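We've got the same protein chain twice here, in two forms, each standing alone as structure tokens: structure 1 and structure 2.
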Structure 1
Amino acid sequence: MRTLLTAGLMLAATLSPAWAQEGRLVLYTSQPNTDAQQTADAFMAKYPGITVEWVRDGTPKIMAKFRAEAEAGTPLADVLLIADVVTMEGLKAEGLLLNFPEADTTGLDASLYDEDGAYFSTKLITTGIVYNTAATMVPTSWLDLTKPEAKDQLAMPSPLTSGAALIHTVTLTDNLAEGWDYYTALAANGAQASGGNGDVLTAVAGGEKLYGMIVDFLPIREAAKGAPVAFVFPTEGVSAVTEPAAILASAPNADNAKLFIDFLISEEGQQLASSQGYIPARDGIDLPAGYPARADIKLLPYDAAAALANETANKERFGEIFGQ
């Protein structure tokens, strides 16, 4: 009898992973609504017992929501899938993340996940320049945006709304010789900094602005659908965020969250990211149509530790320059 039971248990163990597959998973993400739904659908197709519920907002806003719920004593979120590593580092330092060192990181460069397993990068999202195809100047350099042709015609996301925009600001001010003067010049040229990347896309695709600073996948994807936009990787290089995912220490469904993390960085999850128009984080997955070869994309470095330490100062400086 006992052997039968043991055999049964062993059989059950081989058929399913060690943790439960039933129940719910609550995802807080800054992905656009359509992508969030596709990711949830693909995961649910693989694990039919789990229902994924997702909430979308810009990274700073989704963090504010998370903190308000924590204060109310009703944590809802299991997994955060947000723009940048800097925010994750801050959360990790506060002890708000659950370490998941057992995650299957095959094919993921060691620089793309936390050594303690607190967060895992899921893709590469660069910020470059979008222009409306009706524009006369085709920009090739960041400095082109300070030219008279771009006077009053540039839209850019605000670091107050977008996590990627904050990293982008830090990266450009670190790498361009002009530093913060570059942003002062943009402001003097009538650049409009507000909202998130979606707002920039709407402004440029709708022809209300001719140029924009924007994350790569939005204009590349919309151009394929026929929208009058094109994306440029400027010659100086582009900034990049890696859209990391992490399990929260307060996660009500931590076991399901682990399945979700593994799914995001698995070959299947990465193929999905590529099919959605993102540069995958994992090696050996093809880049989506519309991108140059990966080796040809020049990534600009930035100091993550400094970015975390100076987050508030950087936001305030940006706000001052653009009169916010």
Structure 2
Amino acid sequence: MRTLLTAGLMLAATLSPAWAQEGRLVLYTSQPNTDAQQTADAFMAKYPGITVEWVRDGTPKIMAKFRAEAEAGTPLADVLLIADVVTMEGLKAEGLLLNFPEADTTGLDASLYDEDGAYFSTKLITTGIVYNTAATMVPTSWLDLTKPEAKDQLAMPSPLTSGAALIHTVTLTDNLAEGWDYYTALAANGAQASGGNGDVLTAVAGGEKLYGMIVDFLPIREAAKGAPVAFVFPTEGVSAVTEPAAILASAPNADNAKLFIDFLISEEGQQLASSQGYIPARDGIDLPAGYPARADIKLLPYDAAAALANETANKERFGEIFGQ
């Protein structure tokens, strides 16, 4: 019996992380409040000895808070969970992220996490086309937005103020044969570039505009509630932000942070993301209602390192085209 008990304890030790499962974890995130609380609650249910404290704000403000604390020598955050990989690439280049190559990346495509384990995608938030169901043209292609039917009827977030919109712009200019000429055509067709995704949804659902570029979950959620909108995944493919998570090199609770990263990308964590209405990053998890099969969603390639290097030039190019 003693031999069996010893063997059982050894097996349990093999299956569980070696580090302590107690104490605190401080999360800095740009997730919506509801999502952040649900994520913290689910993690604490799995690890009741760990208390999660989270701070939520837009990515620029979150980064400003983190940097101010780091410069003062009083870093508080353990994990960043923010919208885009460009910011993560910058932090990695500065040596501010802790590599976690031991993370369990089962089910994650290699393109969805950093090769050194500096950050990990937690979901896919694609940008496609929303249209008001009163519109006479149902768009199927990005190029449809340059047609006369969309004249003065397109709203889209500005990449000058939205990181996700900048990723979308860079993805389209890199992948569409028209390149930056596509955005020149949009501007000539009277496209309006301002505000964020919520502003686009308001404009299209309210009938102020008939078409918009927008992240997927907003119109899909609102359509399910009866709003007069529909979402299209264009035939050329869609851009995606992946809401990556990373452990900070200055993390006071690095072991708990590793548990949190593993939880986010685990089957359990990815089912939570799906229940919140997002496309899970991990294969094998059912998508939320209203989405096509995962295999039918074509993701356009995106080079985060190149985007970081060319960020200023891309913003200036967009500003020149739209007179901003």
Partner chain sequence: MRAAWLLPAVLTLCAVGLIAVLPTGRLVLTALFADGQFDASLLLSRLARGATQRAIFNTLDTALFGALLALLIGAPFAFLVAATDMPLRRLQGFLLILPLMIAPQVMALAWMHLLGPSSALLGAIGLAPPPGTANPLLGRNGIILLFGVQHAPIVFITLRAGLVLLPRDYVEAARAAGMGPVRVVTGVVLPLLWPYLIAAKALAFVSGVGNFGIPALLGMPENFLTLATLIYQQLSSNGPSVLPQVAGLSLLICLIAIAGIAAQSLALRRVRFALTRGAPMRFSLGPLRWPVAAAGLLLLTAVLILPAAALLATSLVPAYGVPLSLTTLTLDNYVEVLLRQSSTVRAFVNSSYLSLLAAAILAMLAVPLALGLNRLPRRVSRMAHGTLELPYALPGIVLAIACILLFLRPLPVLGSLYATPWIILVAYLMRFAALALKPVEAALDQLAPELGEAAAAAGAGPLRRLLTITAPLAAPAAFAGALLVFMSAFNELTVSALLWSSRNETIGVILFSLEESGLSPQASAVAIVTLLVVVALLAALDRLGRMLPAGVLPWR
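Note that the structure is predicted; figures quoted are calculated from it, not measured. Sequence positions of structure 1, starting at 1, serve as the residue numbers.
Comparing the two isolated copies of the chain, the first one is the form predicted in complex with its partner chain. Considering the motion between structures 1 and 2, the entry in D286, T136, N33, T106 that lies on the hinge linking the two rigid parts is D286. The rotation of the smaller rigid part against the larger one between structures 1 and 2 comes to 19 degrees.
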